[in-house]
Ligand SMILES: C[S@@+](CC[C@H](N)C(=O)[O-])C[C@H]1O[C@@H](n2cnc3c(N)ncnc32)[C@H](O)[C@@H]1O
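As structure tokens, one chain now follows by itself in the form predicted on its own.
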Amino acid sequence: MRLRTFENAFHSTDKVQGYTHDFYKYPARFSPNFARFMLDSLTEPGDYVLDPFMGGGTTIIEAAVSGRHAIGTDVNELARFVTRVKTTPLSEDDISEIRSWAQDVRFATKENKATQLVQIPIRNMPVAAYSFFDTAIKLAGHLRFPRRRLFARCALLRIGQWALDVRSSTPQIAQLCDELEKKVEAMLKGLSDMVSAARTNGVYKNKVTASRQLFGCSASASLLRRALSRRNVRPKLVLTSPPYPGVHVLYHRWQVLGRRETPAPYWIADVRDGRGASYYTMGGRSTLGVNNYFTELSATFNNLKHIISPDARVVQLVSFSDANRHLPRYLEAMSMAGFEETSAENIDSRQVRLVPNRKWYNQRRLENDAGREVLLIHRPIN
């Protein structure tokens, strides 16, 4: 029965949705069904779970909902922003003011003189879109509490991704207003569903944020090790999907109007930017970049070995641009960091799944290593 359940979770082709998972479509997300299964199989309520490459926060959300303590870290400030909003419940007063804000945006943009704007401070940002987001961001700044302002910016981030990323044309301002009100309602419902599910598992609304810790740093940083050591925290499970060696993924930019890159996500979220693509993937696609990737990977897990429980399991979903070359190097890097490959709950390592609907895949997906993910399971060598 468990094997069949694992197969369903591992090979799930369902869209990443439910709870707050679709607040923002962070690249290379894995299925909440898979995260849920591994959490239920390898941990107990009250255990600590770590995602050292948390991205859009799938592991963090599922861990918090299921009564585990979640720890997430990422070098991308956008990842920390998104995960923070996804795991921050709102009060009824919060919800009322956010709804009023979305309506105010519509009224404020009716008299917008977008065509009179000459210079746009955000590179490759369409004029009408900039005018809409600039107005909405300024109105969000008047919201009373930080959690409300952050939620509003996250709603705008979701709208921006819908309106701009990999789009050949930009919706009109009236369409953006319609979509904003629609997305705000959908996000509020998702947040309510998450809070209800957490309560079912004994985690009450006022305890959800306390059940997770989010760090904006590399998992190889001594900061993470010191912070968790001070709290005497020893994660029982590492559940993650790290950057993919040699695979081009834009974690930090949207592509607009013919694949021109814009840093708009960071402006909308009001978080720190300023790094190139290779920084967020631990290396580029060049030989040097791939070498840097495996050096950083080994340093990361060497650091984690001193953080996690001696009987912990490390579960990863990884894709490769060239599996024949890169998988052996990946396993070697894990070995150098002090880990050995193993199984968990009768689940074997190195199982492979096809991943649907990832935009960097070509049409010949079956012949493309980047269209597959490999399940890797390790344990620390004591």
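Numbers for residues come from their place in the sequence shown, where the first is 1. Here the structure is a predicted model, which is why all the values come from computation and not from measurement.
A second form of this protein, the form predicted in complex with the ligand, is not displayed here; the remarks below concern that form.
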(request) Sort through 133, 244, 101, 301 and report the residue having a heavy atom within 4.5 Å of the ligand in the model of the complex. (result) 244
(request) Could you tell me which one of 296, 179, 165, 97 places a heavy atom within 4.5 Å of the ligand in the model of the complex? (result) 296
(request) Choose from 36-44, 56-64, 321-329, 340-348 the stretch whose residues reach within 4.5 Å of the ligand in the model of the complex, heavy atoms counted. (result) 56-64
(request) State yes or no: in the model of the complex, is some non-hydrogen atom of residue 219 no more than 4.5 angstroms from a non-hydrogen atom of the ligand? (result) yes
(request) State yes or no: in the model of the complex, is some non-hydrogen atom of residue 76 no more than 4.5 angstroms from a non-hydrogen atom of the ligand? (result) yes
(request) Answer with yes or no whether residue 280 is in contact with the ligand in the model of the complex, where contact means some heavy atom within 4.5 Å. (result) yes
(message) Taking any heavy atom pair closer than or equal to 4.5 Å as contact, tell me whether residue 29 reaches the ligand in the model of the complex.
(response) yes
